[in-house]
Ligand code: ASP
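To begin, one chain is listed below as structure tokens, in the form predicted alone.
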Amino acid sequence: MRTKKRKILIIYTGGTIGMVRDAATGALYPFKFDQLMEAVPGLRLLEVEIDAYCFPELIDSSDMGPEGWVHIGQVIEDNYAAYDGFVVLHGTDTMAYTASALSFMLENLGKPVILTGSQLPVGVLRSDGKSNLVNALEMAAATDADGEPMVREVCVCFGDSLFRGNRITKYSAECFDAFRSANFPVLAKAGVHVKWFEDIKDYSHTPSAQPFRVRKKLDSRVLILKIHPGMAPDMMRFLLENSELRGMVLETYGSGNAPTSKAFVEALSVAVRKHIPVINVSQCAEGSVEMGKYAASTQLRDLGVVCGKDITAEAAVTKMMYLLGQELSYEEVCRLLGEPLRGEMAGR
């Protein structure tokens, strides 16, 4: 008996991948869905039923933020029962932020949500968009021996790899393998066949008994502050005392080290006094924060700064927005910041 085709909804938000070239003028413009099959004929070979939703106003990824994330979440929520999975076409510059944000917003997710994009427009001869899109659709439609989806979380498909969405960082503006997941293995590799790494189960491989829901309230009054030599603590203190800042991601050296000067500690203590959660993440792409390992991080731990372990800055800032949007207490936000919620950090 022939297997029923899986239904996948493509959500086009904007970005390089969705451009095709006008044969007459040579100009690039966003595709319409009926042109997608012409631009990527390989889609016809997939055993997948494809529909598409296009943002009414396309967003360059440099302008993508909480409003766009909520829009994506709303589309998925509205169509959740009708489709087996979702592929989100997105610009590469902020893809890691969007994937991280969606991973927190989409609670009790039981279907694949895979983001992809390209370094070159899909309508260009050498475009990486064709293979990225085909791979993303194939992976979104993949099922195990029991007919259950291979993916039940937010992922990014780029190059030949499928990544956990809240574990990636864009590291190249030129290479076709533009993203890396330094602290977590890839979930699958596309070659002659798609190779799934069965020992890397998603964090929620057993479907939750709770219904799927989308958390749409985010608090964007969050700042990433990168420590650097010569940084004036008074500037940080002024910001903490004179703004509506609700949360801070502190990018520190190595395994979580920061200046030990009295001025720096006093400036950071303003955040504690004002109940502004602070999470400590490393500037290094690979490795983990270990507060207390060196004296230069002990004072942060003593102040109540949250240890971010191996979380990325992208995941930390979007997790902060998500938690602050739930109107939790300061203590609860700090506790949850230090615990893995969607497989975004070590610990579960």
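Numbering starts at 1 and follows the sequence shown. Here the structure is a predicted model, which means the values were calculated and not measured.
What comes next is about the form predicted in complex with the ligand, which is not displayed.
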Interface membership of Pro149, the ligand in the predicted bound form, 4.5 Å heavy atom rule: no
Thr92 within 4.5 Å of the ligand in the predicted bound form, heavy atoms: yes
Contact flag, Ser61 vs the ligand in the predicted bound form, heavy atom cut 4.5 Å: yes
is_contact(Thr252, the ligand) in the predicted bound form, heavy atom dist at most 4.5 Å: no
Residue among Gln119, Ser131, Asn183, Ser161 with a heavy atom within 4.5 Å of the ligand in the predicted bound form: Gln119
Proximity to the ligand in the predicted bound form (heavy atom, within 4.5 Å), stretch among 264 to 272, 75 to 83, 111 to 119, 214 to 222: 111 to 119
